[in-house]
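Okay, so here's just one chain, in structure tokens, the form predicted on its own.
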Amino acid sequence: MDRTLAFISIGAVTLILSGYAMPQWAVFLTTVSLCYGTVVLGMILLVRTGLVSFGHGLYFCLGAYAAGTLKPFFGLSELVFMLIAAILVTTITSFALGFLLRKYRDIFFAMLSLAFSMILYGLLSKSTELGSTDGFNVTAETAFGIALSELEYGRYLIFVITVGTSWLCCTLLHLYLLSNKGKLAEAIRDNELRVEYLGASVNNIIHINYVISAVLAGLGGALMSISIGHIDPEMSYWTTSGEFVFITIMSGSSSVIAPFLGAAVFTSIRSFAYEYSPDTWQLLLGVTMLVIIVFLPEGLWSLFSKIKKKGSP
């Protein structure tokens, strides 16, 4: 059996079992880490293709708003439908924008993606129907037909669904990376011309990878909005996209597990630093990033690779 898939499954089961006994603050931090990890999971797919998006807050926010507007506009508050709405909206949007973005590389791709994210921020900030800059509250009343408000452990069920969704996304992306199209991502990063000579369309593969990364960001945003219970335009602001890039660099792109490790480290440092040192928490995050870049330039996950090499005969 694939060791990565086994590790992912064991980790998901461990989280579900331990989540029942964890304090609420730990469950919340873990949930946020999983949501961020799901977004960064798509970011590493782009990095493997040689691209960096500075505007993935666009899909993080779109997924959240797609899930959150189901109740006020359509009267639906089923968690499954909210996630499906996030998938549909981000798929359609990224598919349309992908025709333009797939033509660009390097800083042009990064800045163009950021521009679209900031356009969404501006539109939402001016929309009084959607709460303007204050946003609005989001509530998932049922999950698979079960009333969450009447369930004693309704919050725990949301946590379990978040873990399950993250596990599914992680598993599917790992299998995709093992496929022929998935393996072409790194080939495109190294030499696009040779990939074209092999008969593959670079633009089409970039387009597919972009849509996949957008859907993962949308799912992360939807899960985040449901877990927190509130959404606002700040989810598409450039600082949010910057956090995703920060975690991507911190994690590394050598494994699909890396984004969740990086997200857990980032969320923990930010939360505890803000709690005990509210005036210098940004400094602590900056120092953490510098240490990782200097000693682990390929990300936190490279630490496990080094340990494995030292342990091998």
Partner chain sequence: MISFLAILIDGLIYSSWLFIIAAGLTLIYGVMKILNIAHGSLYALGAYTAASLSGLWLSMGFAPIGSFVIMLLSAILVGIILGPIIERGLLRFMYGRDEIVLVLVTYALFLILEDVIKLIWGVNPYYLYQPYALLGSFEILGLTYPNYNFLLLGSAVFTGLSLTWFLQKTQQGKILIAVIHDSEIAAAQGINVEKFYLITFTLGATLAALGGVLTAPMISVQPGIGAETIVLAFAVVVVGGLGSLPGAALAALVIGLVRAGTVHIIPELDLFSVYLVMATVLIFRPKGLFSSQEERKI
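These figures come from a predicted structure and were not determined experimentally. The term rigid core refers to the most C-alpha atoms you can superpose between the two forms while keeping them within 1.5 Å. Residue numbers count along the first chain shown, from 1.
Heads up, the form predicted together with the partner chain isn't pictured, but that's what we're talking about next.
The partner chain in the model of the complex comes within 4.5 Å of a heavy atom belonging to L290.
Although the partner is absent here, S149 sits far enough away that none of its heavy atoms falls within 4.5 Å of the partner chain in the model of the complex. Heavy atoms of E243 reach within 4.5 Å of the partner chain in the model of the complex, making it an interface residue.
In the model of the complex, the partner chain sits beyond 4.5 Å of every heavy atom of F28. Three-residue candidate spot F108, A115 and W281; every residue lies within 4.5 angstroms of the partner chain in the model of the complex by at least one non-hydrogen atom.
None of 56 to 64, 29 to 37, 251 to 259, 282 to 290 except one has non-hydrogen atoms within 4.5 angstroms of the partner chain in the model of the complex; the exception is 282 to 290. When two forms of a protein are overlaid on their rigid core, residues whose CA moves 2 Å or more are considered shifted, and Y20 is not one of them between the shown form and the other one. In the core-superposed comparison between the shown form and the other one, V294 has its Cα shifted by at least 2 Å.
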